[in-house]
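This text opens with one protein chain seen in two forms, each one given by itself as structure tokens under the names structure 1 and structure 2.
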Structure 1
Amino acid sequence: MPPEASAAGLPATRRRMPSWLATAALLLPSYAWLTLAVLLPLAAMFAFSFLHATPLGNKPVVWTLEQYRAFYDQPYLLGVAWASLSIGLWTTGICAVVGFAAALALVRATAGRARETLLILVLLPFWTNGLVRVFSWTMVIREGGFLDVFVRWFWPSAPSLGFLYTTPAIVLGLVHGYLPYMVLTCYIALLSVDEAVIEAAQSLGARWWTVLFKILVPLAAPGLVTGAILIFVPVIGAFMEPRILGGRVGVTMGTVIEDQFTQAFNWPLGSALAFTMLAVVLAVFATFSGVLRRSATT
């Protein structure tokens, strides 16, 4: 008796595709696309970083390590790297303080629908055009901009407070851009803190600052670290914010790399600088991968 006969009226058994083939068929389109558009380009750029010059026309291809000596050959790059690093640290630090406080306020001082709405309101700007938001700040902090108008409302003869084209302006724009990340990661971390733990601490005589620094901050540490990485990594690669808000002082690793590709046309140097930056990014990820993994599972 054929097996189909055991189940009257049920569709007949057809030969099934082997399982691995079905899996491969599901995965292939996406991963082929990612390979073509991301992985191969990164590999190609890595190769480019060892070239002497951009291979145009009939110029011979010369392999060299000289591009990676850029920080030695052009000491001004060290200053640029330092500027990028300090912008990254300032941005991450301010985001950590403000974002953690905002997340804490969301978790402890709001509830239900109001909390949900507020969370969406905080996260919403993050998914809008970053360029447009940076542009918005120029309206506020330029000389005679909204900030000045606002201050002169109360004090008509106030000097201009406009600080467009300064490093603080860059940090301000970046904080605005990446703050929602920190709020979200800290919010998720704080949400999982058991109310009873806080009450237990209070019952043992802890004041609010003890609760904050001994209980809440340590328990939300994975959220803080995740947020810090998610902010620091893109910020050290930022080039559009320094260009728009920093003007002439806005020289960062991001803008230097961009220049190599769009102005100087020195692709090998740009590639080498980009890969140096990527190495820093990967080092950051590797250092904190344990924390990232833990927070990803909660």
Structure 2
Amino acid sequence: MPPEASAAGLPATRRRMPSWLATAALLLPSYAWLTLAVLLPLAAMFAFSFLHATPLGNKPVVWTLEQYRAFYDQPYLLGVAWASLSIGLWTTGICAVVGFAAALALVRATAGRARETLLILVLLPFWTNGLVRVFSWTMVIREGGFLDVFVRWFWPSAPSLGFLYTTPAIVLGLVHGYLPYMVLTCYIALLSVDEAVIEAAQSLGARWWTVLFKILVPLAAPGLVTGAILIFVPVIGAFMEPRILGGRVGVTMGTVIEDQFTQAFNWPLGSALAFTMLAVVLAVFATFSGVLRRSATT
């Protein structure tokens, strides 16, 4: 403290920490953890993708690009990749329709404690173990399962409705697991819609479908796009639902990559396939980022 300030009885001023230093101190723990838990393993897998064979034992380390020719050398992988993408598109589309409708009902038809209770029910799948959740569906949709028992209470001679080990069964399990993402993102987007805009449209004679498709859907587009990214990205790499609910038809890129690491011990090929799918995901993400930016400026 300067002696003049002390003599005059003025309070001493403290030196403030530079803003960049405070920001770095707050970000350092999270980025250090991301580096240790995400970036370093990714870097190791990226290096493995350029190896000729898994570096186990006394095998020599041989660098090559042959692993990235897998889609050319093994054409069946193109069909597997298309199956993964189609499952991702179906799952994302169903989640968009159902999730937007559920979010709209939460925002427009409920309030107070009822809204909070329903929102908690939407989040319930996040509170259950994923493996238990998927296995529970096998008890419902198998032949002679709970679905068949329920239908035969009303129609004793009804044929079996079981569809376990099919592509719709995989999509059902994925929708159940990832639907809350779409509900939450659409819910947040719809909460920001000004009620006066809807009232003005209704006062001008707009029907409910006009309000829905001309006002609510465009204004909720950022939530729909964000939810689509959060769902599509992990779904195309999912392996638990296809393996349990799909059986022999559940061959996706996720299951192929898992087999390369756990069954074939071909880590270079598994890494190359994983990074190829990552490139596809980044391309999708870049496309939707442009849509988000255009939505934000309009």
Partner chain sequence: MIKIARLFLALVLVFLYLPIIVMAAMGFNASPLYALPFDFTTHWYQELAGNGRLIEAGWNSIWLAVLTAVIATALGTLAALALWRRTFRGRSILRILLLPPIAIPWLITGTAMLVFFFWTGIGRGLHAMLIGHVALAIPYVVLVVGTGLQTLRADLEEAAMSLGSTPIHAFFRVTLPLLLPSIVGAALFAFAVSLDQFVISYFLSVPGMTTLPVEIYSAIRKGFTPEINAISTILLVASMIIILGFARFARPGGIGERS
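Here the rigid core means the biggest group of C-alpha atoms that line up within 1.5 Å when the two forms are laid on top of each other. Because the structure is predicted, anything quoted here is derived from the model rather than measured. For numbering, take structure 1's sequence and count from 1.
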query	finding
Structure number, where the criterion is the form predicted in complex with its partner chain	1
Post core alignment: residue 263 C-alpha displaced by 2 Å or more between structures 1 and 2	no
Displaced residue check between structures 1 and 2: residue 33, CA, 2 Å or over, core reference	yes
